[in-house]
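Heads up, the chain below is alone and in the form predicted on its own; it's given as structure tokens.
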């Protein structure tokens, strides 16, 4: 991936606190999604921001389709960033895809993580016997076909659904970062995410977790938050946000910052 992962993934460390706080964005966004959250934490933490390799802000030549065929490649990137920055312990906030990455990283290197805060997290998006992930396989395949056929039309339809709340600025911002992702990379990582199943691994997570879930999320039913709480191996809590949408850091940043502060202080 070139000479330095810190350069390749646009890693920044912002703030004057003593403790490290990692803000890890999800699929279809980049680190700019945290811009309205950052001011709440930069005086109390050293905040680590970076872009996932699939983000539109990263040179697409760095995306290795074999390396990122599973979530393990993303986990390797995260751990390499933390090691490169000589982080020995951090609080980790992961949104959507990055919540799954954080879970796997905490299984592999539990000593690195004081706490995981998981926003819009799901160990499995597809429905299964006795498990409601929110999606049937056939409808997911239709989504993939739509992305392949006309990515622009898919983004224009999906962005308002994902944001959920009537916040036009949030829809515009999410659309912007979705359009920045090369369509074949967006489709490939979406397939990787929907093919993933972390349910059997949740019990291996011994790090304390806080699950932040909005009242209505087109991607993650509220029952998934309860499932995570029940199956994670360490102490876990659930914070319900009385807002709609999969991207509360765009649609309700002040409220999300309040929930994050509460989760970090526990």
Partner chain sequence: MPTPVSSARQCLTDEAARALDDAVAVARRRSHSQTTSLHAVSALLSLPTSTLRDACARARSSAYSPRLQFRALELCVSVSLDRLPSSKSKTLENEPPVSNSLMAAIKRSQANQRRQPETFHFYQMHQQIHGSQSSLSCIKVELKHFILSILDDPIVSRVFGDAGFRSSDIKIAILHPPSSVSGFNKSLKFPPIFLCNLPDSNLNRTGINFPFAVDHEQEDFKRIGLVLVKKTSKNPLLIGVSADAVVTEFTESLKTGKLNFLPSEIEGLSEGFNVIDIGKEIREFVSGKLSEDLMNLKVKEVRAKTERCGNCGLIVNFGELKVFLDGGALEHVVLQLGDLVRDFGGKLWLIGSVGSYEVYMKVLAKFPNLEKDWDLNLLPISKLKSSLMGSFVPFGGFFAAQTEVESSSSKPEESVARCDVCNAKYEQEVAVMKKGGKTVSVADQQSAGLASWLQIPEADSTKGNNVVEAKDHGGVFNARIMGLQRKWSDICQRLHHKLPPQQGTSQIRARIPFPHHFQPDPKRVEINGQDSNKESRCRNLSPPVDFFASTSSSAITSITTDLGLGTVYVSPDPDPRPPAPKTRLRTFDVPGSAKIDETSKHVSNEKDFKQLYRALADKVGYQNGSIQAISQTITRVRTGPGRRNVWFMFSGPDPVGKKKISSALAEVVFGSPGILISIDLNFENQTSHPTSVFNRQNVNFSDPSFRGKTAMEFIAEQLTKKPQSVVFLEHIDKADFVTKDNLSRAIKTGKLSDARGRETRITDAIFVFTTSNSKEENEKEFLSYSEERILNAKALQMRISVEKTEPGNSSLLLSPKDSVFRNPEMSKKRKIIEIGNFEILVPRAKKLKSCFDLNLPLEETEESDNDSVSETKELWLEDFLDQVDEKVVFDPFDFDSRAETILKRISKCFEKSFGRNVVLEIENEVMVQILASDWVSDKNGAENWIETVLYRGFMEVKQKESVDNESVVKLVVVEGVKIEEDDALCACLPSRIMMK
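On a predicted model such as this, the values are computed, not experimentally measured, just so you know. Residue numbers count along the first chain shown, from 1.
Form predicted together with its partner chain: not shown, discussed below.
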Stretch in contact, per heavy atom within 4.5 angstroms of its partner chain in the model of the complex, of 229 to 237, 65 to 73, 51 to 59, 24 to 32 = 229 to 237
State yes or no: in the model of the complex, is some non-hydrogen atom of residue 167 no more than 4.5 angstroms from a non-hydrogen atom of its partner chain?
-> yes
4.5 angstroms heavy atom contact with its partner chain in the model of the complex for residue 252 = yes
Close approach of residue 8 to its partner chain in the model of the complex, 4.5 Å, heavy atom = no
Any chance residue 201 has a heavy atom within 4.5 Å of its partner chain in the model of the complex?
-> no
Partner contacts for 68 to 100, taking its partner chain in the model of the complex and a 4.5 Å heavy atom cut-off | 89, 91
